[in-house]
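Just the one chain here, laid out as structure tokens, in the form predicted on its own.
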């Protein structure tokens, strides 16, 4: 059984569906109409280009091209994390790239090469989508954790300095802010896992069922990817906070205000 294709004319009707939310926002004077149109346009162009490139990747299935694309995904995700967190790219690019790469690749390696075991092991149909799903969730979690961590210290600077003046080490002084940042980063994934299957049918499972896979097979993959996503989220969020601390505090353990982009 193959997935039912959607013709281009019928695809256009889905864009027509946008007229409803745009009309509501316009009527209520919610200033998101222009940004919505730009976002949808960018999404469409980007996904069309990616689809063309993925078709090429799947057809060639070269180990070098596959891992080069994974590298590109990591670089783009890292830049997005830093920019969305309100931090300076030139300060955080290398330490955060290391954190994202370590946390993501360890989990992807385990799932693809140990659990799934595709043949060949570098098969683009497994490496690219799985890395993309894991990395996409890590991106959101890291934006939350880094933004929450540094904004909390900045907002509660007197409290933070009091910890240091009372003799706390930097690790001890940042511990409360790190716990809160980590909790905020993990919460969406935990909430999703709690309601999975009852409130929503997740993307990977739905895609596999539409592609003709048996529901039992699709469920196995969905459980595996959720475990991978949560593991990578925890790893990257904690590692990135730890690595970023090496460039964000002065020799006296005070927060360097120059790390913020705005």
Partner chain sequence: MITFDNVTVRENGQTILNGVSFSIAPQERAVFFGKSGAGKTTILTTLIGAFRPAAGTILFSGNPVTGSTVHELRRAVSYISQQPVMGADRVEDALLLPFTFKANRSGRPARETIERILSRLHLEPGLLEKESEVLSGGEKQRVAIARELLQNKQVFILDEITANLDPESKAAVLELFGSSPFTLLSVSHDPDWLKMCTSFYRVAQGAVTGPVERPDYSEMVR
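If you're wondering where the values come from, they're calculated on a predicted model, not measured in any experiment. Residue numbers count along the first chain shown, from 1.
Not pictured, yet referred to below: the form predicted in complex with its partner chain.
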item	value
Its partner chain in the predicted bound form: contacting segment from 68-76, 109-117, 91-99, 167-175, heavy atom within 4.5 Å	167-175
Heavy atom of each of 56, 123 and 126 within 4.5 Å of its partner chain in the predicted bound form	no
Contacting member of 133, 182, 105, 161, with respect to its partner chain in the predicted bound form [4.5 Å, heavy atom]	161
Close approach of residue 254 to its partner chain in the predicted bound form, 4.5 Å, heavy atom	yes
